[in-house]
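Structure 1 and structure 2 below are the same protein chain in two forms, each given by itself as structure tokens.
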Structure 1
Amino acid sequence: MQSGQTNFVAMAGFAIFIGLSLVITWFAARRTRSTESFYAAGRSITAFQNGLALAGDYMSAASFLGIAGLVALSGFDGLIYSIGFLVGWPVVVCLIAEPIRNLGRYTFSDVVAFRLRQTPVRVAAAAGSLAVVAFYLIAQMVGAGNLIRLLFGLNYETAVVIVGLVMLAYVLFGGMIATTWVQIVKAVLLLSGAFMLAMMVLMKFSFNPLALFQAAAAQYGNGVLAPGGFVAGQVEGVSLGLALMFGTAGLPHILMRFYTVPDARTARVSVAYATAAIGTFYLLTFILGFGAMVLVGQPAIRAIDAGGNMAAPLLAEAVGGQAFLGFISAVAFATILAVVAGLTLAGAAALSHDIYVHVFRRGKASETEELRVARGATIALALFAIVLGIAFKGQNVAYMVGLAFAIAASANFPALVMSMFWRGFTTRGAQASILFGTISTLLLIYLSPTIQIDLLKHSTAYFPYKNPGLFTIPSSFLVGIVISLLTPEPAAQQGFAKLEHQIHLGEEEP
């Protein structure tokens, strides 16, 4: 494979996917007339559909290409990441999915603001959401530009603009209905693509994964089956682990998906389907990574992209030729589009539903007005994504996904949990906890070796760890608790009985 060369199967696959998804959008647009359909697909998505859509929203190009590459270049260490991305899901189903569905309407701020004072809480929670969405979105856009340049030979700027505009079409016209179906199609394509590729690899090892791992160990030493330098120390490792684990439960685009189903039971069951899909996918990624290590070889993978991102496409070419490479490239492209659409919709909901409707209009906006603002916010976010995607060209933005997870875990997750579990939680406590979580995470990452040494080329960093989660998550809880104790709020305490009731019985009044 030569990078930047035009592959006609890839181009055709890419065109078919865009065509198909625009047809979906056209059908969805005719059903998108209310805020409920725009943000929540009319709450008509089934458990199985939502499970696939959650998987489609969650499995980014970073996990497909990035983790396969990480495994191909360093073996076992890649597994640490894949596991981290999966272990957050039991937390989501046990603590978050059902209360979210029963307490809120469109955004996770609905839940935090349920019994607190709307305006201040909404501002803080929307800021937390938007910070996560912004960093996640930039990372995806830059990844998209690089990938499409490598896979299809388009130039970087064109690639970023295409991704931005196509995604804008889905969200603007088709809202959550189109976004959901794009995510479902993408999840099916990604799973079947990874499955076929894994089978083609295993065919060469008489369908025995151990024979594949053994071949890798024979070629590169037993070290590839053991932990290497990736988890540098206990603090760094646990810190990364906690951010991945609790960050999943604070990602606004994932939480928003629970509003698309009719009830709490469906929300819960959909997580079981999602986890089955995501877990299987990560197990397959592991086969792909080792397959690329053995069948393509580390030097060839490094030669095209030092980060290893091209390991899976190279493997596809090695086992299935140009046509299969084209198919896998088209799948990678679909992957990016589905994730950016979900992110944009979550960001638009935070801007319109939380900030415009509840803060500026004090909850008094009409549905038509809210829908118009939501669409305006979608256009603004798409432009933001395109402009920043181009501005960050050539920058290493891999840390931004980690940053998004760390903010989600330190700002959104603690406030969400305390608002649902603790009677004494107050408006000021929620505000302080979310803002502290966001700002402390940003600050510690800025002071960390990732920015100070790798990006700014300073010789030392002010903060020794790359992952702040171990410090920021507990201190956000602590800040929330201390400030709540200092600012008692009788109205919030009285509202707790209603919240408990509604968590279990849904929106029914006693």
Structure 2
Amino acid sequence: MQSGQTNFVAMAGFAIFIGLSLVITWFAARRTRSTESFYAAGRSITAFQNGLALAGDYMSAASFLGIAGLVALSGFDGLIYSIGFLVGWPVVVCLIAEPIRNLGRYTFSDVVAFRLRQTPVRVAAAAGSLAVVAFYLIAQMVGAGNLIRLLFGLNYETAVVIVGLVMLAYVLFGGMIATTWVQIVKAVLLLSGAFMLAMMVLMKFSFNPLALFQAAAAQYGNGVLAPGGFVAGQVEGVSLGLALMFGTAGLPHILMRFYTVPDARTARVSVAYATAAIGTFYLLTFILGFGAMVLVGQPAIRAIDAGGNMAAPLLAEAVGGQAFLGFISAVAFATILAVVAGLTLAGAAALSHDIYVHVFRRGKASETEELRVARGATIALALFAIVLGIAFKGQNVAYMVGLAFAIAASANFPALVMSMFWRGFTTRGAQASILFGTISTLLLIYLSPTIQIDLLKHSTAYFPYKNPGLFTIPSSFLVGIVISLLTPEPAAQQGFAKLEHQIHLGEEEP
């Protein structure tokens, strides 16, 4: 199809999903009267519901649009994103899920600051969270802009503005209750759509994936079945893999989901449900990518979007016509809206709960006041997301999310682990680790080929690797350890016994 050709089936699908979502938001708004409802859905979500919502939050535009596009244009190397996104979940279930639920209230900063001084830790943690949210938002907004431009004939900038405004309505009025149910609906739609699309691709190859891969090799050479098409070199591969694996355990919008369940056991079980759904989905993305490579063709994919983000919708048209393209596009749109809503809620929580309530108001703000600030922060973040989406037009969305994971793995994950499992961790150590991880990752991203060559059009880049995780993750741990050893904090060590008790039993010491 041509970019800008109106697809009425897609428009109908979009309208149905938006209508359903707004109905959910309306019902949720009637129940969102407290900060606990706004941030944590009243802690009333079941394990299965939270598992689907976790999967919905995690299976973003990067997963559906970005990975399929990377595989279609680069071949085998797209697999590192599929596997990398998935293998972070064992880290979450073994290290993070239960302690997070037992220790915190609304944000991961609650956990890091549990036995440390509140103000410096929360300021640093909020900075790390907002950096992750910003890069993650870029990917979703870029995907949304391309999708609506492809289908409705609107220009890219208008499309980004529309997505930002619809998402704002979800979060502003419905909070976490609305966001959770939108995520659940979206997860079911996405799994169903990806499965149907993969089956229709395999049908053309007698349900033999090997025949699909052989067709790709015959068309583009054996190089598409070998590494090196996108990830250049072992250092780049290891760096990206580490960022994807440990970044999962530092994503603020994922960590927030553990506060929506009633207890730690439910949090752990919900991760098992999420892992099953996510694992199934990522296996399908590889079929979608190679299917698009063979049945659509790389020139046609690049002609619509240089980043390859429209490979899956174009594949849907190739195997199922305009009607199926409309359905898959509506699913992709649902995916983007739901994830943007979750990200915005996480960013609003960092600004209102961590910065306003605990830093400016010293923990003395009323619930009504905090809720008002949270909604104001939501509006600011929505406008920020729109600006970022327009500025980063043309980037592959899976790659942009990879950068968000690098920040989460470097800024949030080390401080989270050390605060929960090392008695000697101190306020200064936490502050230094989070800020160093955030700043060093942002600096190396700025010096990388993505910014220096792709955006600024320089001939060379100061830092040769696209993803800095291999360098920033160990450095962040090291900085936290060294600074903690240099600045011992007896009060933090004494609070470790209470922290251990609450991690394991989920209740405060008597």
Partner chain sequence: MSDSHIHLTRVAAARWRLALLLTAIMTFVYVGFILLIAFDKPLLGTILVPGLSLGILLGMLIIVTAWVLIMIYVRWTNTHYDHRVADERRARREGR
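For clarity, a rigid core is taken as the largest C-alpha set superposing within 1.5 Å between two forms. Numbering for residues begins at 1 and runs along the sequence of structure 1. Remember, it's a predicted structure, so these values are computed and weren't measured experimentally.
Undergrad: Where's the form predicted together with the partner chain, in 1 or in 2?
TA: Structure 1, which is the form predicted together with the partner chain, differs in this respect from structure 2.
Undergrad: Using the rigid core as the reference frame, would you say Gly376 shifts its C-alpha by 2 Å or more between structures 1 and 2?
TA: For Gly376, whose C-alpha is compared between structures 1 and 2 after core superposition, the shift is less than 2 Å.
Undergrad: If the two forms are fitted on the core, does Gln452 show a Cα displacement reaching 2 angstroms between structures 1 and 2?
TA: Superposed on the core, Gln452 moves its C-alpha 2 Å or more between structures 1 and 2.
Undergrad: Given a superposition on the rigid core, I'd like a yes or no on whether Phe205 shifts its C-alpha by 2 Å or more between structures 1 and 2.
TA: Yes.
Undergrad: Once the rigid core is matched, what's the CA displacement of Gly223 between structures 1 and 2 in angstrom?
TA: Its C-alpha moves by 4.2 Å once the cores are overlaid.
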